[in-house]
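So this first bit is one chain, no partners, the form predicted on its own, shown in structure tokens.
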């Protein structure tokens, strides 16, 4: 048993060093080619929609760390088994390294932005892991220390321990170096001087703005893309008269608009957290499309991200007067890397999967008949119009407020239609109108509040909204897939 544990540890340590070296190499060259990232991305693309929705619902922002940890765990188990089998059959070490290298290289080549360089980190990791495991197993082999006619087992145990400590230390230092390189490059790359908007946002003293650090993040990128703003370029092409290529400076020299806009994810469950409101600064998209000579037959804008994501947006939503924009700032600061630095597309009234491409580098004008974007290929509905919804934020579910006057409050939203009324019901009784706080436009959520004369005992509170067209929020429950969740948010409290 002791030998088995030693050999398994040798496999895990060797794999750890190989991955750490590959991570450092990728961090300094191309982060998306790191083996764990490439394999994780391939898994995401192959995962059924129902499983993805479960991960987003149950794990929230931890879905990506859990996926990467799972990939790492599988790799560690494979390496441990390889270490055990390789002690007696050394050729299996080489065979295992080939299998790992081939799997990582294949995953890297399947990524949308793959190049001839993409497999290099995976092949490097496999080579180093295989050579290290061979060396550790040899150090642990009693016959390798034969002196005269005997075997020095004590000496070989010491040699293995020295080698294991050396490999572990090298792996830790190398991984620390990879993290340092990643943080340093990202910190330098996000510096950006923002011009004043030509069209400032309206005053909105009563509007709840979500801090950038707290704004939700739902995307498929396992590593945040690292983009140099000095070399970033936007290409506008397809069904246009003249192809445009614009640098970031070109965009910033254009008249910018500043708007308060609520953005929400189609994965948001009823009462869920994947929604936020920010003050966005950006270039309106309509003038760019007119400048490029948009052809009348084009009905879809395909926005492409630097990491290969495609988002399909109706052309009409850029031309109907709403503030569809290429955003460069959020809440008075350049976009954070996780929110799309240096430029992201933003379309009021559409869920993010249909109008909010992060890290955008390309806008192709085409038709819906010609191309299905990433999420549409996976069964999500076109065009992704935001549904009317509302949420109770206060009191919290299962709260125990004191009897008497209790403030019930929350938010409601129906971007592009606005909110005309919010009502609250207690224990299935009559609907009571809540007070609506003022908002700058129909593209933001509305804060509401209602005073409840609460009596002792358990109670259920429900909320519903009526949008600007007079449509009342449906009570019919539906899951987020394929076109957004429906139903009325209900919570239970116990009044004391």
Ligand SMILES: Nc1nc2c(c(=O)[nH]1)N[C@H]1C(S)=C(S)[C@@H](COP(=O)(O)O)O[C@H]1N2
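Numbering follows the first chain given and starts at 1. Because the structure is a prediction, the values reported are computed rather than measured.
Below: the form predicted in complex with the ligand, not depicted.
- Could you work out which of 279, 387, 339, 226 is the residue within 4.5 angstroms of the ligand in the predicted bound form, going by heavy atoms? Comparing distances to the ligand in the predicted bound form, the residue within 4.5 Å is 339.
- Task: Could you work out which of 322, 391, 344, 87 is the residue within 4.5 angstroms of the ligand in the predicted bound form, going by heavy atoms?
- Result: The residue from 322, 391, 344, 87 that makes the contact is 344.
- Would you check, heavy atoms only and a 4.5 Å threshold, whether residue 218 touches the ligand in the predicted bound form? Residue 218: contacts the ligand in the predicted bound form.
- Indicate whether residue 359 is a 4.5 Å heavy atom neighbour of the ligand in the predicted bound form. Residue 359 belongs to the contact set for the ligand.
- Touches the ligand in the predicted bound form: residue 307 (any heavy atom, 4.5 Å): Output for residue 307 is yes: heavy atoms within 4.5 Å of the ligand.
- Query: Is there any non-hydrogen atom of residue 352 lying within 4.5 Å of the ligand in the predicted bound form?
  - Reply: Residue-level check for residue 352: yes, a contact with the ligand.
- Message: Please pick out the stretch from 405 to 413, 71 to 79, 110 to 118, 210 to 218 that is in contact with the ligand in the predicted bound form, where contact means heavy atoms within 4.5 Å.
- Response: Within 4.5 Å of the partner lies stretch 210 to 218.
- Taking the ligand in the predicted bound form, which residues of 244 to 277 have any heavy atom within 4.5 Å of it? Heavy-atom contacts to the ligand in the predicted bound form: 263, 264, 265.
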